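Shown here is one chain on its own, the form predicted alone, set out as structure tokens.
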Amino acid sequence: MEKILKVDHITQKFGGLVALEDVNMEVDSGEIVGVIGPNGAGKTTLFNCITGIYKPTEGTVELAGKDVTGWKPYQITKQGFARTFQNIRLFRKMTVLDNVIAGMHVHTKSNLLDSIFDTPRKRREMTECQENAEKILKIFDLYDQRYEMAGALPYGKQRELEIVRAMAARPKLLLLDEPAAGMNEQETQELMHRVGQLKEMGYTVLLIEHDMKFVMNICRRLYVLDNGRLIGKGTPQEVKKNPVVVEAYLGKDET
């Protein structure tokens, strides 16, 4: 099985604050892996180190065997990372379809002159992008809303559209930062089903999520952070029974 992500002894310091300390993590092809922990545990900082927003103070990040430590975010995206954020970052005044097409830009080859002169290559690429975008939107039941403004969608559908846009980049690894945040129970159940479909489609997913029911049901393995340090890892059942994790995060009354 191909190793898609390897985080090796990552430490991230901000002045005197140690946000991450000696964190190791691996994700294999086709897995759905979760990162959990209390607020301020370092989860989003870890994502920022993986995707190039922060350059780790120490340690390395490898994607499919290639060291991408310290690369710029756009360079890392081209290598095969795609992510969503805690706060929705859609192009609210663009259509649903155009949001997804925008996620494909890393793979298009048309240049400025192609756009100015509307060349056959440009038209051909746009047709292919639209067809591919519509296929993904059908999977997430967003096809009928493809010409609506993204900002007009219900909150849960906006969350799903963010995932669809990230999928459009055909990433080797899809990183989801609290995808169920702000969703009601019905929306969360629907999203759980959608993320499960990603695995069936061959996507590899690393996600941060506070909803324990969500991660326990969808993730094959979990990593647990607390105060920037890795305090547990394993299957959901192993993590649930880990006394250090229970005390730090899940609650002492968990069994």
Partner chain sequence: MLLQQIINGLTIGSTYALVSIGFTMVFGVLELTNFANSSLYMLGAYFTLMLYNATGHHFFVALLMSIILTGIAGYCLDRFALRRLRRKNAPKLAGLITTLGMSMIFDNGIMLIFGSESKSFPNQIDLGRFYIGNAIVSWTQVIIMVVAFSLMAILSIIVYGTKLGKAMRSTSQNVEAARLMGININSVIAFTFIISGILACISGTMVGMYYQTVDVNMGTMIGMKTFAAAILGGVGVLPGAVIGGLIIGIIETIAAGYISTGYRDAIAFTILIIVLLFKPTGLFGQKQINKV
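These numbers come from a predicted model, not from an experiment. Numbering follows the first chain given and starts at 1.
Keep in mind that the form predicted in complex with its partner chain is missing from the display, and what follows is about it.
Check for me whether its partner chain, as it appears in the predicted complex, comes within 4.5 angstroms of all of Tyr155, Gln158 and Gln186 - heavy atoms only.
Judged in the predicted complex, none of Tyr155, Gln158 and Gln186 sits within 4.5 Å of its partner chain.
Can Lys135 be called a contact residue for its partner chain in the predicted complex at 4.5 Å between heavy atoms?
No - in the predicted complex, heavy atoms of Lys135 and its partner chain never come within 4.5 Å of each other.
Classify Arg124 as contacting or not contacting its partner chain in the predicted complex by the rule of any non-hydrogen atom within 4.5 angstroms, answering yes or no.
Because no heavy atom of Arg124 falls inside 4.5 Å of its partner chain in the predicted complex, the answer is no.
If we define contact as a non-hydrogen atom of the residue within 4.5 angstroms of the partner, is Met201 a contact of its partner chain in the predicted complex?
No.
Given that the partner is absent here, does Phe85 sit within 4.5 Å of its partner chain in the predicted complex, heavy atoms only?
Although its partner chain is absent here, Phe85 would touch it in the predicted complex, with heavy atoms inside 4.5 Å.
Which residue, Thr57, Ser29, Thr44, Thr69, is the contact with its partner chain in the predicted complex, using a 4.5 Å heavy atom cutoff?
Selected option: Thr44.
Counting only heavy atoms and a 4.5 Å cutoff, which of 187 to 195, 32 to 40, 207 to 215, 46 to 54 contacts its partner chain in the predicted complex?
Careful reading of the contacts points to 46 to 54.
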